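The data below hold one chain only, encoded as structure tokens and taken in the form predicted on its own.
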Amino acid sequence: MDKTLNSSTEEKIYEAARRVFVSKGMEGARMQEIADEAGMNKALLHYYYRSKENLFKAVFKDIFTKFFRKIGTALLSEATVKEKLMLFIDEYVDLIQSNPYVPQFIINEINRDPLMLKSLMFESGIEPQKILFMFDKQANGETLKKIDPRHLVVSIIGMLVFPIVARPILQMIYFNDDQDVYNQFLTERKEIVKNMVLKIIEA
């Protein structure tokens, strides 16, 4: 089989699977639906990926890795705790604005299979306990308030993720279903969350 055709076919399958999985999740997706989305025979999906589980793992791993690569880079840099947190907020908001359906997809699939998150985080070089220890250790040398870093991380993620996963209801109730206005709200939220975090951590 021609290698170019091979690569093109696999890419079509992957893109179709990504759209269907992000929309319906692992359990809601069907191989026939993915085949229809890709415009090809279902047998080709099994030829390239063998099973729906293998195809899903490939899609989820790719989405997760791309989504957290920049965030992991920010957290593992040589910057100060304040700088890391500000960079984390910037990168996260940019990522979720570009990929608005990804956070809900990741949350749903993590709830379905928590161990998958743990293995993917370690594969991506993101080790939660080391990050918490790093924050705790660095904070002591930066005259920051003594705070359990778990509370800090959970608070930041909550402030950033909630407006995305609750977007349909918030956009309808407070923004008259105007997507542009809501996107502007998310952009403004960067500075709001940064200011809140600084108030929490500064001594």
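Each residue number is its position in the shown sequence, starting from 1. The structure displayed is predicted, hence computed values, not measured ones. So that the term is clear: the rigid core is the largest set of C-alpha atoms that superpose within 1.5 Å between two forms.
The following text describes the form predicted in complex with the DNA, which does not appear among the structures shown.
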Could you tell me if Ala43 has a non-hydrogen atom within 4.5 Å of the DNA in the predicted complex?
yes
So, Leu152 and the DNA: in the predicted complex, are they within 4.5 Å at any heavy atom pair?
no
Does Tyr48 reach the DNA in the predicted complex if we count a contact as any heavy atom within 4.5 Å?
yes
Residue contact check: Lys66 to the DNA in the predicted complex, 4.5 Å heavy atom:
no
In the predicted complex, the one of Ile164, Ile156, Met31, Ala58 near the DNA [non-hydrogen atom within 4.5 angstroms]:
Met31
Exactly one listed stretch (173-181, 58-66, 156-164, 34-42) reaches within 4.5 angstroms of the DNA in the predicted complex by non-hydrogen atoms, and it is 34-42
2 Å or more on the CA of Met159 between the shown form and the other one, with the rigid core superposed, yes or no?
no
